[in-house]
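First, one chain by itself: the form predicted alone, in structure tokens.
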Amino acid sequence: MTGPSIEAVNLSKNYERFAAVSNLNLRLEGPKCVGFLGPNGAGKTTTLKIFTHLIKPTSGEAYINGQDITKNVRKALAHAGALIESPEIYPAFTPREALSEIAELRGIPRTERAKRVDEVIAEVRMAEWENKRVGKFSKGMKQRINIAAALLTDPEVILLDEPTTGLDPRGMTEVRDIVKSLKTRNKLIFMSSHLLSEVADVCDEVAMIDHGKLVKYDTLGNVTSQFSRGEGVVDITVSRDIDEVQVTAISAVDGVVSLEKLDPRNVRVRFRGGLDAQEKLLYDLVSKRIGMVSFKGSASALEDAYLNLIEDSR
């Protein structure tokens, strides 16, 4: 097997007459971030709880790195870290104390614990507060410590259940930046979210689920292009208030269909074509020297795809 992997095979979870997950088949492999999307009650959290052995499936199998979670729990979870439904850390603990306790529970050797705690505290950018009481932290700071706990064993597979829910904009940005940094470290991240803008910003692929069934799994670009009518959408940020000269320069780029000014420094551009056309558009805009500081796929394209796919599944 090459790289980390997660796989659901005919996975189902029933509660009396209600099917929370229904015959789910999904395989994720290799280092990347996969967004797990679906309406409330679609089965996202149930699926993640099965993968972390918090609940047992009614039928089917769930594998992490080729190990069946119901038959080889210890081996399956040995290289996995998870954050499910944001647990509370005892408020009188400091991050160092809390993480040291968790490291012991997870079987990290005593000689390695202090080093790993130092590493994960640095990774979530909490070194300045490592000896402060958790009870005085903001929700975003507490969530960063929860993520640090998930990273203690340096897992290959990371399962995150709506990690930015309930956070203020600053806290959301901090958590997203941590997830982005994890993408560079050969890890497979499976992250449920109800924020399409978050998935568009952070993830490489998306898996959509509705009524416990898989609706779509593909790269972000392929999913959005399916409903784009041959057009792509990107959001551009410039370093100063955009003027008519910049608007004209962007509109004149080959392939640009339309331009929408979102605010003084942000513009949404629709263009003809797919990823190759997007690559050329980026090159052409850089050459225009318009002061561009950000260029990313727009969440509006993912929203169109999501609404179409979920509507078709009902």
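The first residue of the shown sequence is 1; numbering continues from there. Since the model is a prediction, treat every value here as computed from it, not as a measurement.
Same protein, other form: the form predicted together with a small molecule, not shown, and the subject of what follows.
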property	result
Answer option from Pro39, Pro264, Pro31, Gly274, heavy atom within 4.5 Å of the small molecule in the model of the complex	Pro39
Candidate from Glu205, Glu162, Glu156, Glu198 lying within 4.5 Å of the small molecule in the model of the complex - any heavy atom	Glu162
Interface segment, criterion being heavy atoms within 4.5 Å of the small molecule in the model of the complex, picked from 64 to 72, 264 to 272, 251 to 259, 42 to 50	42 to 50
Full three-residue contact with the small molecule in the model of the complex, heavy atom 4.5 Å, for Tyr90, Phe93 and Arg170	no
Partner contact for His194 in the model of the complex: the small molecule, 4.5 angstroms, heavy atom	yes
Heavy atom of Ala20 within 4.5 Å of the small molecule in the model of the complex	yes
